[in-house]
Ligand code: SAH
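Given as structure tokens, the chain that follows is alone and in the form predicted on its own.
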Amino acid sequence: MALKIQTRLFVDAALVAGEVLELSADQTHYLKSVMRLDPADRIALFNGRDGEFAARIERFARHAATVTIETQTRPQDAPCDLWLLFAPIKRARIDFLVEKATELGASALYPVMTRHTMVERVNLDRLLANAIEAAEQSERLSVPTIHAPQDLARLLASWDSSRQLMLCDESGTAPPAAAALASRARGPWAVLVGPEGGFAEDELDALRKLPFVCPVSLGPRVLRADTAAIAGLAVLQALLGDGSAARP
């Protein structure tokens, strides 16, 4: 019976059976003090390129742990090609948004500036740390790419029209998501949610005129921006994404 390894870590290094790898001080603290693992215990490693490998802890030093990479436990899969565009929101909520977007399979996260965006600075390092932790916990084999904030209009000006964009329209005029997506094809998609104050009316008008935009309603209730992002990703994954796929 195969050993079930519950502790997973994301690493940047290449994963090759037989190689010895030194983990960071934070990873060492997590394994030793949080998970209370010992030398000879096994963990799983992934890097978004080589699949997942079992590794054996060789020793703990003061600020580093040494592990030996053993056999591959899962081959690398093709990540879901799903982007999330969102207006930055306050710290605790943006951390939550990134965590849940990672769990739901988003492959790229784009903070975008809109007319009513209140938050101007985004800590990309913290967001990446949240995404890595969520990928480790959710058994993903990849970590979403976190992009630097940019103006929404500028991003859409260079948009590849082969990628459809689901606009979470809070105005109440868009059709329900299931009906709006019923005639749409699978393929590369992105989800767009606005700021806490909503899109400006002229922004919504401009978005609705773009041929690759599909406006949808997420229901009769007013949703917070982070809730709308999660709901939008979940709906799209269920109807056109990998929501029907089984766990490996």
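Just so we're clear, the structure is a prediction, and the values are computed from it rather than from any experiment. Residue numbers here begin at 1 and follow the sequence given.
FYI, the form predicted together with ligand SAH isn't displayed, but the following is about it.
Problem - Contact residue in the model of the complex, from Leu23, Leu9, Val235, Ala228 (heavy atom within 4.5 Å of ligand SAH) - result: Spelling it out, the residue with a heavy atom inside the cut-off is Ala228.
Problem - Contacting member of Ala190, Ala65, Ile43, Val216, with respect to ligand SAH in the model of the complex [4.5 Å, heavy atom] - result: Contact with ligand SAH in the model of the complex is made by Val216 alone.
Problem - Contact stretch among 30-38, 179-187, 194-202, 52-60 - heavy atom within 4.5 Å of ligand SAH in the model of the complex - result: Looking at the partner contacts, the answer comes out as 194-202.
Exercise for the section: Although ligand SAH is absent from this view, report whether Leu207 comes within 4.5 Å of it in the model of the complex, heavy atoms only. Expected result: Leu207: no, not in contact with ligand SAH in the model of the complex.
Problem - in the model of the complex, Glu170 touching ligand SAH (heavy atom, 4.5 Å) - result: Residue-level check for Glu170: yes, a contact with ligand SAH.
Problem - Residues within 4.5 Å of ligand SAH in the model of the complex, restricted to 84-100 and counted by heavy atom - result: Read in sequence order, no residue approaches ligand SAH (within 4.5 Å, in the model of the complex).
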